[in-house]
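Shown here is one chain on its own, the form predicted alone, set out as structure tokens.
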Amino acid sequence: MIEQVREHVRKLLTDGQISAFLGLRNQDGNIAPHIFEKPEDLDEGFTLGDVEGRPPARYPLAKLLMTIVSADPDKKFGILVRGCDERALYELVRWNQLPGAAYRFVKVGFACPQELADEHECRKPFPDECVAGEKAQPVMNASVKEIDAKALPERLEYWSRVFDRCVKCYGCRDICPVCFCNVCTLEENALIRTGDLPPENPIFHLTRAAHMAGRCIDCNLCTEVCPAEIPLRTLYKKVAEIVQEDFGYVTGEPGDAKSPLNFLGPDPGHTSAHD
């Protein structure tokens, strides 16, 4: 699969369809985001994130693209995408965080294996256009149903207990591909006492959950990086269910639908992700 993706990117660079490619590079067993500028660069550590004996390395590449595009407004970039990365791109364009930039990036997608889709309960473990990989089956929200099956007092006890494990590292916020606010409510003393460690339970996580309503693209990076192993994926999946039921909005879908909680005005340079 990696060869198919590599050769596809090589052709994009060789033909001048993109100026550079945002992907992943393996350097001495350490995988990190990397910008490949020349076709020959792809022969030095290009990877899809797989390292033997470890879970696949995943990063919020869509969020990184925001910074890269703003720094080089005249370039057209390629970007490596899983299904969740593509959902993040759709939302960032919709929230005007990549204003006018939809025509300035080319998605190079590949499908996640069923094992990874099952682990992350991924609702769509492949992008709309796959260069490589077999499309795995979507996975339903089993973790949400498990919590919903509990009586209300049990649910309260459960969430209070897991929130007590929080060390307020801000990892969930920092890794999130759709956390882009210039001022973070999690650092506002009027809402959350910033000097408290651990944070007041449950204000810290309920504040973030409310902020992710109509925005979370279900990538599960927050749960993956949480040192306290708090099941944030389950919490945000439940929030997403409520937004869908009450407003009919599903995050990360193509088209012009807009989150009911997106109050940003129209941007004159905005271009739809499918335009």
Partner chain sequence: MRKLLAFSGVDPERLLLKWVSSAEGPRFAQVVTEFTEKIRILGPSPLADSRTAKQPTAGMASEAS
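Please read all numbers here as calculations on a predicted model, not as lab measurements. Numbering follows the first chain given and starts at 1.
Here the subject shifts to the form predicted together with the partner chain, a form of this protein not shown in this document.
Enquirer: In the model of the complex, is there a heavy atom of the partner chain that lies within 4.5 Å of any heavy atom of Ala32, even though the partner is absent here?
Expert: Contact with the partner chain, no.
Enquirer: Can you work out whether Arg193 and the partner chain are in contact in the model of the complex, taking contact to mean some heavy atom pair no more than 4.5 Å apart?
Expert: Taking the distances in the model of the complex, the answer for Arg193 is yes, it comes within 4.5 Å of the partner chain.
Enquirer: For Arg155, is any heavy atom within 4.5 Å of the partner chain in the model of the complex, or not?
Expert: Judged by the heavy-atom cut-off of 4.5 Å, Arg155 is in contact with the partner chain in the model of the complex.
Enquirer: Wondering, does Asp148 line up within 4.5 Å of the partner chain in the model of the complex on heavy atoms?
Expert: Looking in the model of the complex, residue contacts with the partner chain include Asp148, since a heavy atom lies within 4.5 Å.
Enquirer: Within 4.5 Å of the partner chain in the model of the complex, do Leu206, Ala209 and Asp246 each have at least one heavy atom?
Expert: Heavy-atom distance to the partner chain in the model of the complex: all three under 4.5 Å.
Enquirer: Using heavy atoms only and a 4.5 Å cut-off, determine which of Leu48, Leu221, Val69, Leu235 is in contact with the partner chain in the model of the complex.
Expert: That would be Leu235.
Enquirer: Using a 4.5 Å cut on heavy atoms, which of Cys130, Val144, Ala117, Leu186 is close to the partner chain in the model of the complex?
Expert: If I apply the 4.5 Å criterion carefully, the residue I get is Val144.
Enquirer: Looking at 108 to 116, 122 to 130, 156 to 164, 90 to 98, which lies within 4.5 angstroms of the partner chain in the model of the complex, counting heavy atoms?
Expert: In short, 156 to 164.
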